[in-house]
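Here you get one chain, nothing else, as structure tokens; it is the form predicted alone.
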Amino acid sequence: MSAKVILKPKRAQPFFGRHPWVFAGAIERVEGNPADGDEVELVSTAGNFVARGLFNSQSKINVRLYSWVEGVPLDRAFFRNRLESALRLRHDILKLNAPEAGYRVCFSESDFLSGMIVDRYGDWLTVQFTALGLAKRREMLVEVLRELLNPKGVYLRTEKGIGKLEGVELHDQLLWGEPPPSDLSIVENGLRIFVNLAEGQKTGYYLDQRDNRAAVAKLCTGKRVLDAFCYTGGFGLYAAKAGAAEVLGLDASEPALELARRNVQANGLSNISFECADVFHRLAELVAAGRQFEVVILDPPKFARNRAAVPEALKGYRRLHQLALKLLARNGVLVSCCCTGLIAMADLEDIIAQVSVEAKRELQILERRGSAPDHPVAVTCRETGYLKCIISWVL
């Protein structure tokens, strides 16, 4: 019989509403003696069943919830069913399963599997665990993924700081099968993209920006384009393929830019170049040199991992936009991306509005965009809507 986690009075509503995170502060007591990673039942003060989840005393999230149906165990069949559901969306609805495609197979809370991310890059999978309970079940989960997707290899990627947050010791490694080759590539919207699953950022590539890159590319034909924080080419490759007059990509990672240059060569592009530099510093130098671009794209990494870091992150986004508007020619396009989940779309819009007024520039928002649909937003966990992309016209 499962141990029970009893909620404090008047704390059950979010969990009846199917939010998956039960923080320690919502818990009255634990009945039984569950080990970290064990199944537990979440019950209200009145003793009513709420949901079933996995326990972790070492995390601020004491229980991650997976099932709201009483009597359903969190066993192999349960997790296989969840993964099959995730694949139906990607394969049957989104039609993303081309042989050389890259797409997100499973997106944690968005696919009701809190703490597990799976990406597919051609014949290889990357898996990332951010929850101890699922990390302990990784052999079973990899076995299910093998049955459903028949990959050549499965590689584990870890998130910085997760050991401290979850009390689980994980290291990047091959979990099963063949190691990914050094020349592994995917085809995205007609572009061949090399990916480094062992050393690249996140799980190897920023799949979430796929549709945003395509949308921005349509505005770049014949334009001078600046792609700040370009990583392995990103928006800049799309702009170059769309016929931009000139593309300059900036990033602080030389290994990422080595892949970017391989991507340029693989796609037969010649109108794009890259510079390895501290992006803030290089943007300031370009301003001082009087450089102007007709499209400026800002796609920085996450600036804040906790609420205490948000004020400093907002200063960073403000500074970026101040520099961008000085570099952006009249009647230009500004693309503002923010993957910091703790900063809302409205916060980003406020920064853009304030900076444009300070610069005495008139700015019109053309589009508000989010992640590609293989990164869906669960309505019961709005935190999954982390990515913001605002496309603006600046006079």
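A residue's number is simply how far along the shown sequence it sits, counting from 1. Not measured: the values here are computed from a predicted model.
Just so it is clear, the following notes concern the form predicted in complex with a small molecule, a form of the same protein that is not shown.
Among the residues 322, 128, 185, 253, the one placing a heavy atom within 4.5 Å of the small molecule in the model of the complex is 253. Interface residue among 264, 89, 279, 162 relative to the small molecule in the model of the complex, by the heavy atom within 4.5 Å criterion: 279. Stretch-level contact analysis of 293 to 301, 117 to 125, 98 to 106, 141 to 149 against the small molecule in the model of the complex, using heavy atoms and a 4.5 Å limit, identifies 293 to 301. Proximity of residue 155 to the small molecule in the model of the complex falls outside the 4.5 Å heavy atom cutoff. Taking the partner from elsewhere, residue 229 is found to have a heavy atom lying within 4.5 Å of the small molecule in the model of the complex. Proximity of residue 234 to the small molecule in the model of the complex: non-hydrogen atoms within 4.5 Å are present.
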